[in-house]
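What follows is one chain in structure tokens, specifically the form predicted on its own.
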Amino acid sequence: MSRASDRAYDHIRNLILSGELSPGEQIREEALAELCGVSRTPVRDALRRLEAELFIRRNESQRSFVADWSLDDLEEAFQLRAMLEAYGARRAAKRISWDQLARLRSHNDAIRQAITASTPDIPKFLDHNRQFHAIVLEAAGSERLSGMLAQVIEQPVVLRTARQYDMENLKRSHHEHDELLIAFDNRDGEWAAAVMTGHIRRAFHAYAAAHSGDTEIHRTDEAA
């Protein structure tokens, strides 16, 4: 894969993850080529990769669109993520270093600061939450697991879920991280896996509640 294709892939993927390209929006190769500063060939290569990763879908006329997942699709993604991250937490409990534990505590302290601010700092929460989970995966020490998790579309959902969190859910997320750290301190893989499973399942139900609310709003708008 050429550097131009990699650059296009990273750029388009970031546009999708940030929400600048919305679910259901049509992908226009010419506009993306201009945005990425490459020709259309690298853009096509990038779109093929993104389609394989389920970020993009094609219709019968071969037009490309940003994937718009149903709630059932998203529940499956959360279930897969829960299984994979629980496995990672179980492995990490037996392998995690003192340095990795210290870094986890540092990120969770930053999460606490973000959610206890006068106005919760959601971007800061997201950044340190992402790094917290990345360190757990690093501690698990499995390239195969990393590759599998990379295929689970998660970040746009995490962003939308976090924006819907009330203070209770933000605090629960932080406290679940605290409990995971205690499980790691005790090198208890089963405890760590159980905490991680509950952590991801709770996130799904927060997302599902927000999704149901959006659906009801949309239906009300249609009826108006």
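Basically, rigid core = biggest C-alpha set you can superpose within 1.5 Å across the two forms. The shown structure was predicted, so the numbers you read here are calculated from the model rather than taken from an experiment. Quick note: we count residues from 1 along the sequence shown, nothing fancier.
The form predicted in complex with the DNA exists for this protein as well; it is not shown, and the discussion that follows is about that form.
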Answer yes or no: in the predicted complex, does the DNA come within 4.5 Å of a heavy atom in every one of 186, 189 and 203?
no
Which one of these stretches, 66-74, 35-43, 194-202, 170-178, sits within 4.5 Å of the DNA in the predicted complex when only heavy atoms are counted?
35-43
Counting only non-hydrogen atoms and a 4.5 angstroms cut-off, does residue 50 reach the DNA in the predicted complex?
no
Could you confirm whether residue 27 comes within 4.5 Å of the DNA in the predicted complex, counting heavy atoms only?
yes
Looking in the predicted complex, any heavy atom of residue 58 within 4.5 Å of the DNA?
yes
On a rigid core superposition, would residue 26 pass a 2 Å threshold for CA movement between the shown form and the other one?
yes
Taking 2 Å as the cut-off, check whether the CA of residue 56 shifts that much or more between the shown form and the other one after a rigid core fit.
yes
Distance trend in the predicted complex - C-alpha atoms of residue 142 and residue 48, change of 3 Å or more:
closer
